[in-house]
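In structure tokens, the next block holds one chain alone, the form predicted alone.
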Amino acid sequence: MTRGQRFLNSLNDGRTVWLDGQQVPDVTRHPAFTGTLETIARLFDSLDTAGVREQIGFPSPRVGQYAHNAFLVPRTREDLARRTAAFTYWAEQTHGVMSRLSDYARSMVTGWYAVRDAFSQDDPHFADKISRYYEAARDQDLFLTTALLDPQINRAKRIDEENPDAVLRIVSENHEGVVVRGAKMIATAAPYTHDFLIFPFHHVDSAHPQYAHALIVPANLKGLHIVCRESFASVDAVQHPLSSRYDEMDAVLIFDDVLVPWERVLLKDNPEAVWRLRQNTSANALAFHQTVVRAAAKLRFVAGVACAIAESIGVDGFLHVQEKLGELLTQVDTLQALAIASEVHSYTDDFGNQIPAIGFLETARNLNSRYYPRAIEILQQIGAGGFMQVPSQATDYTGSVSQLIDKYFAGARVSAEAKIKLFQLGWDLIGSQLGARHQLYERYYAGDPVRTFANQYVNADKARYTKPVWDLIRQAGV
């Protein structure tokens, strides 16, 4: 049995997934998930493909089979480069369109494991728990994702005392574990993940310790409901080449008194410790590194589609089009350069780990929240009305109309069939439900852009910038 097939089989574990008002008995057979799961299974299989596995993985010290480099604890810059190679390979295999292929959450777990001794004072069992989990996730190919945000019930209140379940909280505990009630959003890849990383996105004040926890929650626990949004998946791989393969389902997790075993409770009732875990630079930098590599791959793909469309309709020689295409290439180079800078300026943390410089990664993530919507806007402008003249099929026309299609849908340098397929691909990026979802996702997946840009200022060493200014003024006054 292939590794990908083992992954698919493992999803029949009693999880409760809801879509279109109905419980999904088997996510591996539902058309909303089959295309995406085939993609993920193929990526899992690559860890057993000679010549590829060495690029994206390393032999597990316990079981011998290759584990993904997201689980590689970097001790040198060469290790960081190996992680980059793995992120790049999976991102390019999916054109950057799939952002939650588990390598982000796996990197978070790897980061927690790498700095596990930092939290021994908060919970003497933390290091042992995260070590056991890290090894299990690495050696069992566990698919992981995060769910950090609170549902939008009353955003004017961080903790709503009139509705205490508006934010996920611990309501009781027993010898088996803690019982949690509430909800979390947005859990991308939720229906086919094995485990969720659950912790507060915002700081919890000391008056509400029951809301401060760090949990790793199995997807099949009793009382956990995975409520999916509308599916954007298509069964037509020709007309919708992206939507048919890469629709990462988003879901809200509803915890109806879910018992989380003690071995999956990393921290609890400790707002300051949970916030330190949430803010840990080493873990965040390892995870953010993946997001920047993936975002660069996606912008590179959008730039490629835009260039191909410009060439296909003969507008690539126009100065104003060249200016727009140059802007797309600048976006790609900027994110790639920031990823490289984070590696070049990496440092050894207090635990001997080689950590990419997080400042460059935060800059890249902030820029991408504006870059991607702008990239889609440019793609719209270049293809313009051509996106709305694409016939429903690229081929299969019969009789005299087939010759007319060949004549009037041809491009400057490509056949009608090639041009139609190219514009269908472009429409999947700019006009489909999947495309609309991605514009929203890229704006907000890293957090509220206003807050993230502001945080970059608040956390910066501003004296580094202002000192030369005041030095000059003082010198001028002498």
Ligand SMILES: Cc1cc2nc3c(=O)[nH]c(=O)nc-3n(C[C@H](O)[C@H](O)[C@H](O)COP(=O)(O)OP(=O)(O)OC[C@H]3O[C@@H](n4cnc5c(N)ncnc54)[C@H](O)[C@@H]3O)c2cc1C
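Fair warning: this is a prediction, and the values are worked out from it, not measured in the lab. Start at 1 and count along the sequence shown; that's the residue number.
Beyond what is shown, the protein has a form predicted together with the named molecule; the following relates to that form.
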Would you mind picking out the stretch of 425-433, 445-453, 30-38, 48-56 that comes within 4.5 angstroms of the named molecule in the model of the complex, counting non-hydrogen atoms? 445-453
Since the partner isn't included here, can you check whether the named molecule sits close to all of Thr145, Arg155 and Thr188 in the model of the complex (heavy atom within 4.5 Å for each)? yes
From the list Leu440, Val63, Ala418, Ala412, which entry has a heavy atom within 4.5 Å of the named molecule in the model of the complex? Leu440
Consider the chain as shown here, without its partner, and state which of Asp123, Asp250, Asp316, Asp349 has a heavy atom within 4.5 Å of the named molecule in the model of the complex. Asp250
Find out whether any non-hydrogen atom of Arg100 is located within 4.5 angstroms of the named molecule in the model of the complex, and reply yes or no. yes
Considering only heavy atoms, tell me if Val332 and the named molecule come within 4.5 Å of each other in the model of the complex. no
The named molecule contact at Phe201 in the model of the complex, heavy atom, 4.5 Å: yes
So, in the model of the complex, is Leu149 in contact with the named molecule at a 4.5 angstroms heavy atom limit? yes
